[in-house]
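What follows is one chain in structure tokens, specifically the form predicted alone.
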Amino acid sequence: MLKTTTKLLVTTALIAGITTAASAADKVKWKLATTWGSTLTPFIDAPTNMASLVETMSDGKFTIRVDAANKHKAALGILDMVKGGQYEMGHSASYYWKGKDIDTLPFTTMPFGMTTPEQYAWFYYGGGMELMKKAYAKHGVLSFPGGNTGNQMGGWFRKEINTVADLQGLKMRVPGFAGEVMAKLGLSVTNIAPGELYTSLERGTIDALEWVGPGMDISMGFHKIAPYYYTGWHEPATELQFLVNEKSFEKLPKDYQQILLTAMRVSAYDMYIQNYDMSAKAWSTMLTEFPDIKVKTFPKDVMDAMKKANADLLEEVKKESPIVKEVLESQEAYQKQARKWTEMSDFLYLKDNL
């Protein structure tokens, strides 16, 4: 069932306008595979809400079946399944594919990078969508923003981190470019599918992990094993993605294409505000309900080491691919421009009112 906020975002006039055009079109049935399990709210809600919107706006003639990871059993195989046509669509995160194609890395988020509003502005008004299309063209798929988590927490650790030396030798689940940064600081880094995180931490396969934020983390139970909860630096604006097989998209009637684009954009934003609500509520009660959780920020020398490792690695990765270089430089330029307004508006407002 659609969340109330999603319903409000799609007006009656919009639905009426698109469904009128869709009424004469043939029925279309698609399948979508997700990285997430069927109960992983709000990640699973983004594709589910999107599919509901598509069905509503097409007057039931364009339907999309959403298969969670526990059904298709390939949580980190979404790109390959959409690329190969096994599924017309997928819902995942772009940085999961960095081992296959480094060009896909920057479209989720980057350490010390843009905030969520800055990144959305870059996607839709700063050239980000065009660069993402360019990066994914070789795979025959289209990628679209699929819901943002906002600033993520820095992770759950079994022991307190007081110095850079405390990080060395730890086994940690951390994906994306942040994983490269942590590896440079001496950690053994791995990426594990969401459904296996708690078991891996419980069995000692890993010593630490980062997931999302309090709204999603508490229900996973990580605090029972790793009580040190660190604030974020590595994923300031984690954008999930909708992947669409390009040939399948081109075969759609034009009105169905517009329905799909509209539904993806609306459901992505709804996931962002849903997750924000979840974390705000969880944070307000977390320390009362779970007093053993120790909320920490990384010490300055640790943060300085992370920033230096990040800067060094950025220069290295820019040499690997002209597309990565183009994307990273576009993001850096936009962040520099947008951050002046972020500081003037949000930062100074919060500074003066907390």
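Numbers for residues come from their place in the sequence shown, where the first is 1. Throughout, rigid core stands for the largest set of C-alpha atoms superposing within 1.5 Å between the two forms. Here the structure is a predicted model, which means the values were calculated and not measured.
Omitted from view is the form predicted together with another copy of the chain, to which the following refers.
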| item | value |
| --- | --- |
| Asn49, Tyr269 and Glu343 all contacting another copy of the chain in the model of the complex, non-hydrogen atom within 4.5 Å | yes |
| Of Pro175, Pro214, Pro145, Gly128, the one that lies within 4.5 Å of another copy of the chain in the model of the complex (heavy atoms) | Pro214 |
| In the model of the complex, the residue from Tyr228, Tyr198, Phe112, Phe249 that sits within 4.5 Å of another copy of the chain by heavy atoms | Phe112 |
| Contact label in the model of the complex: Leu53 to another copy of the chain, heavy atom within 4.5 Å | yes |
| Non-hydrogen atom contact Gly179 with another copy of the chain in the model of the complex at 4.5 angstroms | no |
| Contact flag, Ala280 vs another copy of the chain in the model of the complex, heavy atom cut 4.5 Å | yes |
| Lys31: touches another copy of the chain in the model of the complex, heavy atom cutoff 4.5 angstroms | no |
| Interface segment, criterion being heavy atoms within 4.5 Å of another copy of the chain in the model of the complex, picked from 73-81, 93-101, 202-210, 114-122 | 114-122 |
| Any residue of 338-354 that, in the model of the complex, places a heavy atom within 4.5 Å of another copy of the chain | Ala338, Arg339, Lys340, Trp341, Thr342, Glu343, Met344, Ser345, Asp346, Phe347, Leu348, Tyr349, Leu350, Lys351, Asp352, Asn353, Leu354 |
| Per-residue C-alpha change between the shown form and the other one, Lys296, threshold 2 Å, rigid core fit | yes |
| Phe242: Cα shift of 2 Å or greater between the shown form and the other one (core-aligned) | no |
